[in-house]
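The chain below stands alone and is given in structure tokens; this is the form predicted alone.
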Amino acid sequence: MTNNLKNELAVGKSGIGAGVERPRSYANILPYILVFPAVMVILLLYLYPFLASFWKSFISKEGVLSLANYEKTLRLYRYDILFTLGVTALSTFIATVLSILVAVYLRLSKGWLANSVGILYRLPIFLPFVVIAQMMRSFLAPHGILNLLLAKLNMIDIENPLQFFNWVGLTFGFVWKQAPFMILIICGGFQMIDDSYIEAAKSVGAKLPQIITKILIPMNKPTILIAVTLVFCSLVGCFSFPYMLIGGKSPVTVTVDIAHRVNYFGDYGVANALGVFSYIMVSLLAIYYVRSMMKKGLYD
């Protein structure tokens, strides 16, 4: 290719689009057009119902602005609110500890047993809460499978069985359902940690507890926090399992109380006030999570 031909081509390239005016205004609004459907879905399906529920919690039956619904909620359901918070926090804590232990085993172990555990632990993830509730009613009943098994081992008298249709059974069911979900998330985070860190720790004499507390958990802390947040929020809003296991008793969870106020009394004001307390429970952990992530510079 001669120099003259190269010069002609260069001139031709520089001339392409020289006379075309770029649509700057369209380019500026294009990102807003693309995100508009998603923003509208969030506004209509999430933010508007939330704000409407929050506002109507301050509207009394007479249609005036007051704190009557909150006064009635605290008078009738304050123990249920504390019960919900306590059972949810306890279930999340037990599920977190159990999930970390199983995830550590799956991360550091190989062989048929680890592979089998890695497959079996996922099964409860695909079962809905209503199915879990029916299973737990059969398993935890006064003459259910667990009490019959303990009676066979001469650990209890079957005529005086253990009672699990309370916070104990609720916690057991929550952990049984949500621990596999946490294992899936936390184990995925552990798998992202390079083996060189673990091998280096072993080479300087680190034992298993030190590897867990000094390497695996600190390096996987954001993932663990995500799992804790998701499970806690899910348990606060769970309805079918508490309703089928301890519905009709006292104390019971806030979600069952909301259904009770709406179905039997048509009292949407108190139901909305109970919902606000649920929002507060979830918001505390969500705010803590966001602040922790911002301190770590995840969103920088």
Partner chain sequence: MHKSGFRKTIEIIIFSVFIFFLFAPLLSLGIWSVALRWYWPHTLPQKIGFDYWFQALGITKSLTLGAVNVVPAFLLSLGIAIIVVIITMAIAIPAGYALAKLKIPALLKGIILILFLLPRAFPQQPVFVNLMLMFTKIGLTGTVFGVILVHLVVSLVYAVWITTSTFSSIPPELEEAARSVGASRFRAFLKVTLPISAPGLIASAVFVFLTSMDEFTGTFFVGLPFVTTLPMTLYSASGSNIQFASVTAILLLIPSILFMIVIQKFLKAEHLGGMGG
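The term rigid core refers to the maximal set of C-alpha atoms that superpose within 1.5 Å between the two forms. Numbering follows the first chain given and starts at 1. Predicted model only: the values in this text are computed from it and were never measured.
What comes next is about the form predicted together with its partner chain, which is not displayed.
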* Pick from 209 to 217, 128 to 136, 73 to 81, 192 to 200: which stretch has non-hydrogen atoms within 4.5 Å of its partner chain in the predicted bound form? -> 128 to 136
* Asked: Is residue 32 close enough to its partner chain in the predicted bound form to count, meaning some heavy atom within 4.5 Å?
  -> yes
* To do: Classify residue 145 as contacting or not contacting its partner chain in the predicted bound form by the rule of any non-hydrogen atom within 4.5 angstroms, answering yes or no.
  => yes
* Could you confirm whether residue 124 comes within 4.5 Å of its partner chain in the predicted bound form, counting heavy atoms only? => yes
* To do: Report yes if any heavy atom of residue 56 sits within 4.5 Å of a heavy atom of its partner chain in the predicted bound form; otherwise report no.
  => yes
* Within 31 to 57, which residues come within 4.5 Å of its partner chain in the predicted bound form, counting heavy atoms only? -> 31, 32, 34, 35, 37, 38, 39, 41, 42, 43, 44, 45, 46, 47, 48, 49, 50, 52, 53, 56
* Asked: On a core-based superposition, does residue 289 travel 2 Å or more at its Cα between the shown form and the other one?
  -> yes
* Align both forms on the core first, then report whether residue 55 has a C-alpha shift of 2 Å or more between the shown form and the other one. => no
* Asked: After a core superposition, would you say residue 44 shifts its C-alpha by at least 2 Å between the shown form and the other one?
  -> yes
